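The chain below stands alone and is given in structure tokens; this is the form predicted alone.
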């Protein structure tokens, strides 16, 4: 039996084990998927081999460590500098990024060529910004502090500090790319400024799933179309499963099974 897992901290809330195990069972694939709370991202590679895993997904806060742990990278993962899926191939670790293609599919439901604002400048934001721009979206990135914005500026994205925003900027879709609201009732930025930004937007997306975050609650109170991170999780999970099983099943086949994880 092949063993897969998700590495993160926290990780107990993750639906990934349910999604993947439903699919393994449905397809009769001899594998199991679990959770592993990884305290130190620098130990990722060591733990991978200690646990005799065939592949992993990586969630916050270890995605940058995941990138550095890989011996080889898929061309897109190498381009965007972010990894959330790793498989063992010939004793080496091969890294992929399924977050960004999954997020692109979510944004596609709002129509093409939209103006998007990301709140937060982590690895998921960088890979998602890159794939959105490649597909005709206008993406800006805002963050609390300047250092994390440097890479985005280097790549030619508009960057902003929260404290410098007036709330009069026009963005059609506002995305919370931070963990604000995951374990508490915080917002990604101060409420007054965020409310002004959301008032001018059409829709709001939070990458957090499984709870009604303060960000989603605020956007909904303003009458905006809202989405949590469930669809992004689903789509990136389908793409990761495809990598884990080496393309044996179609996207639609995997989707039909994995969707059950969100109604159980």
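Because the structure is predicted, anything quoted here is derived from the model rather than measured. Residue numbers count along the first chain shown, from 1.
FYI, the form predicted in complex with a small molecule isn't displayed, but the following is about it.
The contact residue chosen from 194, 174, 121, 139 relative to the small molecule in the model of the complex is 121, the criterion being a non-hydrogen atom within 4.5 angstroms. Shown without its partner, this chain lists 182, 104, 87, 73 as candidates; in the model of the complex, only 182 has a non-hydrogen atom within 4.5 angstroms of the small molecule. Segments offered: 46-54, 227-235, 31-39, 197-205. Contacting the small molecule in the model of the complex at heavy atom distances within 4.5 Å is 227-235.
Though the partner is left out of this view, residue 94 does not reach within 4.5 Å of the small molecule in the model of the complex, counting heavy atoms only. The small molecule in the model of the complex is approached by residue 209, whose closest heavy atom lies within 4.5 angstroms of it.
Residue contact with the small molecule in the model of the complex: residue 187 places a heavy atom within 4.5 Å of it. At the 4.5 Å threshold, heavy atoms of residue 145 reach the small molecule in the model of the complex.
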